[in-house]
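The chain below stands alone and is given as structure tokens, in the form predicted on its own.
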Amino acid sequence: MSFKFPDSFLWGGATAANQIEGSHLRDGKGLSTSDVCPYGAFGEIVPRQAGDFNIKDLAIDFYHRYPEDIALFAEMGFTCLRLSIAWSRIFPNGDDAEPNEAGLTYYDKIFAELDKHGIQPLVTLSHYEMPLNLAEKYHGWASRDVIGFFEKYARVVFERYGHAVKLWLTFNEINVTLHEPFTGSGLPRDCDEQTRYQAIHHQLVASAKAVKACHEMIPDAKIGNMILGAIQYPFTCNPDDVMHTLTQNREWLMFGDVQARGYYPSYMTRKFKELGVEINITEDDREALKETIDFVSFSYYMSGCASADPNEQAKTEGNMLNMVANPYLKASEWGWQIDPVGLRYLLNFLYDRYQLPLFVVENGFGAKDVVNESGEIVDDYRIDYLNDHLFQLGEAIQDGVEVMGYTSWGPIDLVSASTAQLAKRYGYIYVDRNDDNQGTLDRIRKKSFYWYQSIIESQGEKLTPPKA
């Protein structure tokens, strides 16, 4: 590839506190919604009992091993690390009068370590978790009270870390409440559409209030949204399929439309009417929503198809989605269809729509890695996946799309959000821990570690055209 990525392009990886940190109750941390989902986002919600244990309670012990892990990221050449702050480390119950100083101090150390290695943090305020007390006492984001609790939390961390963090995101994959209401909003999984969309509205208002606070408190920072990039193609050129696809894509585009434009799109008027939903939107809400994001960030793992035919049986699932399978694409061993060109398409699609800078903050390949007799992990399948996606990202930049950076998902093996497995590995760095909680937690560089190192060092020039 003769093309070099822009000098300002940020290279790195993406993580989430509840999937790497462990120490789920250490130093005053409260329980989060993630802590009661020991089997993953779709698994059973299990109240905590004294002495019980689940895989996320230790995760990969980043809480204690962060200096070693950040040094490995620096060795690869990272200029950016996406990470999240665990809201329940700062406000253990969510509605506490004062923040937890031990939690604030922990992230002071994280940001100092990143600064030491010249790595810029990209911080998500809420990544698939919220204080459990807010879900139990206030019915999660269904309560308007939670807007105030979130804004208070945001202002505390902006005040504390504004000198160190200049890139922020509000909610991870904010559209996930459509698919997993407890993980997304702390709602019961059987909640009705009225409750679901009112909670989503409260989140959108809270996000806008955090954006305003960031603009006021850290004027040299940028703050964006984060959506699950669930792009769908028409299964056929039948106009019914094309129209159905437009409707399906609008389900997740609505979130970006509100956050980037500052108001609800007109197509949602019909959507709410058909659902029998009446959102309580105050004049203060409308005013708050006018504070718009600086950039659009998104995850991209796979595309899918949409069909107006309800009898279309060939389904594919991945990242909490259920779509019609694309017969032209291969899939991972977890059934996630692989579509590098879809990333270029999505980048162009979103840039045409919003004319805002874009940031690919999640993209990666989950697989069952094997340590060979020589102690090595030869993950050529991951290299192929990432190479082909980054190649298409480069094509999008040449198309004229403004892309701020790329943080691949799980630069170090971590606990899967959807299944709470360690066997589903994404990292350039292998962690010796298994689903049975056995292992030394030792870190091992995979073949992809050195590959990504070379890609960053060459500013993308060593990417190769996809194989035929």
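So that there is no doubt, residue numbering starts at 1 and follows the sequence shown. All values reported here derive from a predicted model rather than from experimental measurement.
The form predicted in complex with a small molecule is left out here; the points below concern that form.
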Is it true that Q19, Y301 and W336, all three, sit within 4.5 Å of the small molecule in the predicted bound form, judged by heavy atoms? yes
Just to confirm the contact call: exactly one of 86-94, 372-380, 165-173, 385-393 touches the small molecule in the predicted bound form at a 4.5 Å heavy atom cutoff, so which is it? 165-173
Heavy atoms within 4.5 Å of the small molecule in the predicted bound form: does F158 have any? no
Does F255 make contact with the small molecule in the predicted bound form, using a 4.5 Å heavy atom cut-off? no
Applying a 4.5 Å heavy atom distance criterion, does N54 contact the small molecule in the predicted bound form? no
Heavy atoms within 4.5 Å of the small molecule in the predicted bound form: does Y406 have any? no
Considering the small molecule in the predicted bound form, which of F149, Y106, F73, Y128 comes within 4.5 Å of it through any heavy atom? Y128
